[in-house]
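The data below hold one chain only, encoded as C-alpha cells and taken in the form predicted on its own.
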Amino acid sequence: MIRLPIEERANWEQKAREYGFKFHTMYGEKYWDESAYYQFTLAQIEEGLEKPTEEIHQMCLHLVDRVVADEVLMRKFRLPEAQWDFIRSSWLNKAPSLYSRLDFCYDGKGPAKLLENNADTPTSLYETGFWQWLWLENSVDAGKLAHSADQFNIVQEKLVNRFIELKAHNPGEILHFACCKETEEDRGTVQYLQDCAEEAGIECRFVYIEDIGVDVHGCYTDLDDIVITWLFKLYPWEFMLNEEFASFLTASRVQFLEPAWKAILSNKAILPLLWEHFPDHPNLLPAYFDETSAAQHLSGSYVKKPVFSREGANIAMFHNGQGIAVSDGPYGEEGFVYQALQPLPKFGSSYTLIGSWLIDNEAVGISVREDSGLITKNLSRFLPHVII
C-alpha cells in the first residue's frame, strides 16, 4: 500500500459537472482529490481487507440476533424502548438490506482494525462505485497508468443486481428515495442509488424527508399523496425512531431500506459487544462501555465515541491520558463508548482511512479518505486507488 502522485485529468471538473458530481468541492475545499492515488497489491485487497470485511460483518449480524432477544443489551444501544418491537420484528422477519461500509485503520502491513460500522446511512458511494472507476479508465486510456491496473470495485454491478433481487420480492412496487433538504452530498448519493434501481427496472420516485406526510389511514405519503410502501431513506434510524411520525412506523407497513435492525448494526454500542464476544480478534480493537474500564485496560490511550456519532462528530482522542484530538458536533447526550486508540497511518502529511463496502453481505470495493488531522470527517478528501 503506497501513495503515488499522478497528473490530474485536464478536464475532470467539467466532466464532473457533466456527470452530476456537484459536490467534488465543498465549502471551498477540495473533496475529490486526483493529484495522487493509493496502490495496493491483490493480496492486500483479498486477504487484508476483503476477507476481514466479510468475517466482521457476519460477527456483527450474530450480535444483532443476540441483542434483539436481550432487553439488557438493547438498553445499551440507547434506542427508544417504544420502538424495540419494531426493530426486533424487522430482524425476525428478515427484512432485506442493501449496503453498508466498514471503516478500517490499515497500512498494508499489519491486520486491518475495525473503527466503526456504517451500516445505516453511509455516503461516498457514488465516488466509490462510479467516479473513481471512471478515473481509472481515463487514466489508463491516457497512458498515465498501465493497462494491467485494476481496482477493487464491483459496487455498481452488485448494486444493480441487488435491486433486481429486491424487485423480485416487490413486483410492481414503487421505490421511493429520500434524504434531507440542503444536503448536496446526500442528494448525490440518493440519485446514484435511484439510477441503479431504475437500471434494474424499478419504478422510482424521490421525496425529501421533510416532505413526507401521513394520510388519514396512517400511511406515509409523498407530496402527490402517493402512498409510500417501499422506501430507501438516507436518514438515520436513531433520528426517525425518536420523531413524532415514528408512531406510524408499524401501521404504515413500509418496507425500509435500510431496515430498522440496522439501527443496531450502525450503533457504536456494537463495538464493545464485538470485543466482549470475540476477544483478541486480530481485526478488532478493545472497546468498553465505561471510561473507567477503558482508562484501566488501555493505559489512558483511547477514543471516546458517542453512541450515535456520524462523520467524525464529537470524537475525542486521548494518549496516555492527555487529549490529542477532538471534534465538535451535535452528539453525546445519548452516551459514549471507548475504543483503543489506533492512529490512522500517515502517508506524507495525511492520515488515511479505508472504507470497505458490502452489498448483500459481500465485500465489493473500497474507498480511501484522507485528512490532515487524526479524525476523518465529512469533508475529508477522497482519493482513488488501483491494484497492481
Partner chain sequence: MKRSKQVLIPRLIKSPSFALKSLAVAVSSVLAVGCSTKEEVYIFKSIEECDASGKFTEQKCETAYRKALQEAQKTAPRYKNLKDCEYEFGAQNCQEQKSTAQSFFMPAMAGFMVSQALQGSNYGSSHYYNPLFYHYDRGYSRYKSPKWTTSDGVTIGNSASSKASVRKGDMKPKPAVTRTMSRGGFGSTVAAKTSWGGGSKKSSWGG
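Because the structure is predicted, anything quoted here is derived from the model rather than measured. Positions refer to the first chain, counted from 1.
The discussion below concerns the form predicted together with the partner chain, not included here.
For the options T123, S97, N283, S301, the one in contact with the partner chain in the predicted bound form, meaning a heavy atom within 4.5 Å, is T123.
Of the candidates V227, A295, L73, L92, V227 is the one whose heavy atoms come within 4.5 Å of the partner chain in the predicted bound form; the others do not.
Across the options 259-267, 104-112, 175-183, 285-293, residues that bring heavy atoms within 4.5 Å of the partner chain in the predicted bound form belong to 175-183. In the predicted bound form, E54 stays away from the partner chain, with no heavy atom inside 4.5 Å. For the chain shown alone, E29 is not a contact residue for the partner chain in the predicted bound form, no non-hydrogen atom being within 4.5 angstroms.
None of the heavy atoms of W84 is located within 4.5 Å of the partner chain in the predicted bound form.
When contacts are judged by a 4.5 Å heavy atom cut-off, Y19 counts as touching the partner chain in the predicted bound form. Using a 4.5 Å cut-off to the partner chain in the predicted bound form, each of G129, E199 and Y235 places a heavy atom inside that distance.
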